[in-house]
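Just one chain follows, in the form predicted on its own, and it is written as structure tokens.
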């Protein structure tokens, strides 16, 4: 059986975060009632003229920087001409000849090390309106028409579904943390197409390309690529000739489905948009746009790892932008990031999820968290204590000290006192000490229980346990 190598290219459209649309003053917001965020410009009325939203250009500058693209400083817009119900003007304003960014890349961490995914170009364009099909009737919602998009096209340089998925995850993370887009695939603000071809290993020519459109999740991009590679391999093994196709991924089937066969290339008759002048980007404008970029994911990873947070918790923090941003407010403090991250990702997140709340809706001020972490670190509060007081910490406008007093929590952290108390317990329980010496480690639990009973719960369990083990070791 012939061995084949896949060649994959990814095209991504992301909706740009702005208050208004690209070429009109309509509100750019998801979730409004159908056709309630439109103007005559969006509807394609004759005689209406586009006006450029400068913030879209700024977002394009930022995205170009984040994706390591060469920025096009002199550019214009083009008309892409085609007839379709969701395109009321019968053309789309886009960038064909002068994309805002060229020759960029992203690096992803694969099982074999860092892999560079080359980006051919990224350009700015307007979105079309949204079609809804009900039986034999099709309806149009113009709220999406004119929403600013960035299209990002890779070179045909990806060879595995795993690398394709990692690239999309890195791209989404980068654009989300860069505040370019919210990248919510379920809302359509990030849409992915994959171009897949296969050829015998070592071949210098690419195989016949098939395009898979509008795949609904990053995971399904991997599934769609896998299925398409298998389909093409099966046909070639039967001696059949592949034809260029456009396919879509069917969620229910878990497979790609034919949409149409490409018989001829599309002729969009591109020509420069006559109603929008050339744009010249000056260095001052570029620097002004880049100054507003927040701390990016890789920089956060480096910071969190340097502060001692385990890699698994670093990734969990980055998966929750709210918690990550909150942690970053303590960069200039002496906060123990390890204890704080464990708290935020553990008990605090559990509370928020249970009560359908956001962190900013709680009473957890920065001062409160600093005090809470300090008391955990010193041993004044145990993990059990934290669970007991957490609800009050998050719901009440009062100090940690006041809450501890109200709950009658007073953990003694004086090591000499703890040692004295443990020595007393060991003298009173020689049989259990002998059991420990005989290798019966369960004796430790019994002795620890006696220590806490003797202390009436007034000493920190972690400190007591460490000291008990230390003293027991000396008896062996």
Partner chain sequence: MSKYLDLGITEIHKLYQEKRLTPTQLLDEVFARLEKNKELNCFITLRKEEAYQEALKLEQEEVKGLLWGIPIAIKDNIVTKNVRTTCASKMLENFIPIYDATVIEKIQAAGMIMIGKTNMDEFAMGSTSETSYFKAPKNPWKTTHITGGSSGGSAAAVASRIVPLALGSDTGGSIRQPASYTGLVGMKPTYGRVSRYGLVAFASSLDQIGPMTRTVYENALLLNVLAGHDVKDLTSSSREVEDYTSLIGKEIQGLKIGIPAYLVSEIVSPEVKTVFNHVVEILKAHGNTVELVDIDYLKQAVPLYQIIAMGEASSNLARFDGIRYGYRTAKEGTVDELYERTRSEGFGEEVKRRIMVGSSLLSSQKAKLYYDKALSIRDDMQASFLKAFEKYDLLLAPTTTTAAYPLGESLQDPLKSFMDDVLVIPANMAGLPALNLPAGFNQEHLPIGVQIIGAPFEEKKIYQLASFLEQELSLDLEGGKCND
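Positions refer to the first chain, counted from 1. Source: prediction; values computed, not measured.
Below, we refer to the form predicted in complex with the partner chain, which is not included among the displayed structures.
Undergrad: Taking heavy atoms and a 4.5 Å cut-off, does residue 66 contact the partner chain in the predicted bound form?
TA: Flag for residue 66 set to no.
Undergrad: Contact between residue 43 and the partner chain in the predicted bound form at 4.5 Å, heavy atoms?
TA: Within the cut-off, so yes.
Undergrad: How about residue 267: is it within 4.5 Å of the partner chain in the predicted bound form, going by heavy atoms?
TA: Yes, residue 267 is a contact residue.
Undergrad: Test of understanding: in the predicted bound form, would residue 54 fall inside 4.5 Å of the partner chain by heavy atoms?
TA: No, residue 54 sits far enough from the partner chain in the predicted bound form that none of its heavy atoms falls within 4.5 Å.
Undergrad: 329, 358, 112, 90: which sits within 4.5 Å of the partner chain in the predicted bound form by any heavy atom?
TA: It is 90.
Undergrad: Would you kindly say which of 48, 423, 35, 434 lies with a heavy atom within 4.5 Å of the partner chain in the predicted bound form?
TA: Only one listed residue qualifies here, and that residue is 48.
Undergrad: In the predicted bound form, which of 333-341, 78-86, 389-397, 112-120 comes within 4.5 Å of the partner chain (heavy atoms)?
TA: Selected range: 78-86.
Undergrad: Could you list which residues of 127-155 come within 4.5 Å of the partner chain in the predicted bound form, counting heavy atoms only?
TA: Heavy-atom contacts within 4.5 Å come from 136, 140, 142.
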